[in-house]
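We give structure tokens for two forms of one protein chain below, kept apart as structure 1 and structure 2.
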Structure 1
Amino acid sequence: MVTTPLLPSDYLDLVSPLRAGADLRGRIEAVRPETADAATVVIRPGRGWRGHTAGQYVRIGVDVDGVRLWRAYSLTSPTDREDGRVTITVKAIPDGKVSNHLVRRAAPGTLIHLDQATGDFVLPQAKPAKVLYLTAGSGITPVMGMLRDSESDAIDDIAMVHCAPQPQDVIFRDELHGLVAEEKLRLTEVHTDTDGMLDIARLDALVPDWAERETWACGPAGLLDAAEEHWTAHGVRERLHTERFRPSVVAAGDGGEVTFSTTGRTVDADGATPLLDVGEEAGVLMPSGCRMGICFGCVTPLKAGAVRDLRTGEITEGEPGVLIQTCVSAAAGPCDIER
């Protein structure tokens, strides 16, 4: 009663936000530039943090201009870092709300919300003898988490092909070259401004035994789609593990009028824009997480109308009890979303 309308825990949060039992938070302790548009954010997680496996990602909630936004970032620190801190490495993308905030404006001392680490883009318990990492741009981050982790010592032969526009855009370049000098890594950099986009068939020349290697690939959809086709065509699809930062949209259609009935807003939407973006743009409070269909942090009741799953084209009709993932669903005619 003394603390109403706040809870006692709200006051505890003011003095001890990282304590055990509090909602999981982290404190940004440093932001270190990596390239012109990428930075590593050093985070001290609260007491409830359960650690991670190399290659996994964490969802973080950041307040940007007074709005809490959630995004997923791969962990780039080794799992056994002695000071207990973790790092993510973020590349600012044009008009990106959270990535620009973290790279250019986040200050040490800032508290952020954290989820436990998750994801299955990880090395197996029994380490393969030969590995290929195929990465581009910020897709290097989960692989750097693996390369830095002591579990990499169990792999005899690691080859890596990494694409970036120019040498200065290669995140972690000095550290990668350090691993090459120590003969722990064979690295091919593809500089797409001068070499052009990587034609996946070039792998035969770059890493002749690529098909024998267990491969982890992370980068833009074009690279991953090409890799999946290539590995499938050579009958070794099971050796390819991919991590996507964005959903691959295969099916867009006609849009419609979207009503957010709880907020009382109605807007026109096309058939390709996720309802999550439509709602946020309209000022509706939309829960979210990975924004690519894997975490279910955006699940919302569809009261009426129809939506299309952008990954499959499947149409879902609204009725009581029907839930949709707003980050991978677009309007397929008029619809009513319970937000």
Structure 2
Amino acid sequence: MVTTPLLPSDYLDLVSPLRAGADLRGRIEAVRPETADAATVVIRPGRGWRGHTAGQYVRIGVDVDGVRLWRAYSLTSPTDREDGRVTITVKAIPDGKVSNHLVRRAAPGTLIHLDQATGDFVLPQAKPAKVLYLTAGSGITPVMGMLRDSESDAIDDIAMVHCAPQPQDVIFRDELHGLVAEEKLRLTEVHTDTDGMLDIARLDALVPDWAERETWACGPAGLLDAAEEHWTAHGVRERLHTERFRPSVVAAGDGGEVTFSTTGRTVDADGATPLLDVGEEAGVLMPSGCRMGICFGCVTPLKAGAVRDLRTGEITEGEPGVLIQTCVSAAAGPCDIER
């Protein structure tokens, strides 16, 4: 009665938002620049945090201009960090609301919402003798979590091929070269502004024994598609482990008119752009999470019309009770989304 209309927990949140039993949150303690467009965010997680495995990612909820937006970022801190803090390293992308906010505007003391860590882009318990990390751009972030973790000490031979436009664009470059100096890593940098995009066939020269190594690859879709084809053609596909920040598009259609019935907005959409992106561009508040079709944080009712699953080409038609994942679905003709 004393706290109505709020609950006692609402007042406790003001005093101790990271306490045990509260919704899982974190407090930003520092934002450290890595390159001109990337920064590492140091987070103190609440007491409900259950830890992570090197290579996993975490969904975070950030309030940007009064709207809570969820995104997924790889954890770049080791699992045994003494102070219990975790880090994510974020690259600001053009028109990226959350990434630009975190890199350029987030301040120490800011509270964010957290999910538990998840993802299977991790090293096995029985560590391979030889490993190759194949990365590009921000695809280096989950791999950096692996390199920093004490479990890497059990691997005898680690090679890395990393692609970035110029040397100054290589995230963690000083730390990587420190590992090279300690003979813990063999690093090849491919600077795409001068060297051109990496031709996967060059691996024969860069890492001659690549086919004998367990490989973890993360980066743009073009790099991962080429890697999967290359490893498959050489009969060693089972040795390649990939992490995609966006799902690969298998099938696209002609698109159509998309109506967001709750907000009354209607826009034209092509058949390759996820409905999540279409809605956000139209100013519709869209739930989201990993944006890869894994976490189901974007599930939304499809009232009418048809959508295409970009990963499989499967068509889903709207009727009462039908739910779709907007991050991996595109318009397959006129459709009505309940947002």
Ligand SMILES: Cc1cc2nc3c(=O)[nH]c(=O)nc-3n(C[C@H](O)[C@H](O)[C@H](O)COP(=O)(O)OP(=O)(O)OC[C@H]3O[C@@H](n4cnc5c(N)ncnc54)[C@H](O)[C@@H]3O)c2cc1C
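Because the structure is a prediction, the values reported are computed rather than measured. We call the rigid core whatever largest set of C-alpha positions still superposes within 1.5 Å between the two forms. Residues are numbered by position in structure 1's sequence, first residue being 1.
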Exercise. May I ask which of the two structures is the form predicted on its own?
Key: 2
Self-check item: Hinge assignment for the rigid-body change between structure 1 and structure 2, options Glu281, Gly222, Arg246, Ser288
Solution: Arg246
Self-check item: Angle, in °, that the smaller rigid part sweeps relative to the larger one between structure 1 and structure 2
Solution: 11
Quiz item: Relative to the superposed core, what is the Cα shift for Val267 between structure 1 and structure 2, in Å?
Solution: 4.0
